[in-house]
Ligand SMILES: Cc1ncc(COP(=O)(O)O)c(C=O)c1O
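Presented as structure tokens, the chain that follows is alone, the form predicted on its own.
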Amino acid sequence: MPSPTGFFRQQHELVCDGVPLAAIAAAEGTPVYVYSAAVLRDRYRAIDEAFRGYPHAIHYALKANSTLAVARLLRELGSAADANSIWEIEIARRAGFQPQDIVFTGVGKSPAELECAVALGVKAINVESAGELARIEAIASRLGTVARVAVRVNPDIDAKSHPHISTGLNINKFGLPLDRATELFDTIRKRPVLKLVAVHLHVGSQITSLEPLRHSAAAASELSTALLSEGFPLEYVDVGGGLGIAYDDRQPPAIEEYIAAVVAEVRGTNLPIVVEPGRAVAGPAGALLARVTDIKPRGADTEFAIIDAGMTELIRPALYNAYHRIEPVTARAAHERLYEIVGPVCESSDVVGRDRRLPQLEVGDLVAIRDTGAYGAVMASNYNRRPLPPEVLVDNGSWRVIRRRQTVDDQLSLES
């Protein structure tokens, strides 16, 4: 039987790919992010293999976790990149991605960002509006080049996810309604410095039902078929990302089920498929380690457990009321207590886990906040002048720091 990968218990100790988390915390202090290279590889390969030979490209969404070592690992596996800013494009290039490996997505791309993307010749700029397309056209004309573009269509599909991570409804800021997109397609024929290479749809994040993803792929397929029939030489269909992970007991569609549904909808176009997973690859690969710094009464049957990680390290619970599993790193035989797991930041919203029943905690105990490989460290901040936490990558039975802990000197180096 193959050895388990990721985070699991060896006797009473939580480990990452066999490396005790307590040893990492003792060496690097807390809070600290720990990533499993094996899980990153397993999740990427699961998506790749689920296509079963159908032509495709996986563009890892750097917004989920753009730490350089993580980006390099995925590039080595054969991934391409999805970037949401010129700074993510620069990280991608430093990780070894070529411009033709990068799709550039995002609302409100600045003139400087468009200039960079057009000059580099990225695989596609996913266009958000008629105005943005005109700005791309002007830059391409001035540079004497042809800009590769995909048009992002907002299909008005409810992804049934948190409102803050929904992107496919007509009330969301992303993309163009179908009628406006159709008008834009008609103009591209007469604009020689623009090359339409794809239709792009992405309806949200942390989607736990197959139907929104299937409907989005069907809409992309139908629109692509219509454009092909009108003579547009499309190169692929971009169905975005959005597949959720199991933060709690609710199970999202399996990767194989998701990819099979997408392929079934798009196959009739005979075009390759581009997918842009982020959370589905990186989320389960990470854990945030923290120590209990204080215990104090909350009520007759419950206590506050204050830990040294909070909304500055992991903002998802405060921002989305998101749930993350929390567990002691070292299990001990103890009666369970009800805890409000809170951070040290001077905000009442700094709650990491509400009403969690755990074995009785003590000051100094180490806890792991699970499934924080995506939208964890990448969204961290210096509020209260807290330093950004270090990040550690576990690979083949050993570990290394891939980003050291920030210091006050690091913060002040930008100030005068």
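Start at 1 with the first residue shown and count on from there. As the structure is a prediction and not an experimental result, all values here were calculated from the model.
Beyond what is shown, the protein has a form predicted together with the named molecule; the following relates to that form.
Exactly one of the stretches 201-209, 88-96, 265-273, 129-137 approaches the named molecule in the predicted bound form with heavy atoms within 4.5 Å, and it is 201-209. Taking a 4.5 Å heavy atom cutoff to the named molecule in the predicted bound form, the contact residue among 316, 109, 152, 123 is 152.
Between the options 58, 61, 352, 32, the residue in contact with the named molecule in the predicted bound form by a heavy atom within 4.5 angstroms is 61. When the named molecule is considered in the predicted bound form, residue 242 lines it closely, a heavy atom lying within 4.5 Å. The named molecule in the predicted bound form comes within 4.5 Å of no heavy atom belonging to residue 148. Taking the partner from the other structure, the named molecule in the predicted bound form has no heavy atom within 4.5 Å of any heavy atom of residue 284. Using a 4.5 Å cutoff between non-hydrogen atoms, residue 278 counts as a contact of the named molecule in the predicted bound form. In the predicted bound form, the named molecule lies within 4.5 angstroms of a heavy atom of only one residue of 89-109, namely 105.
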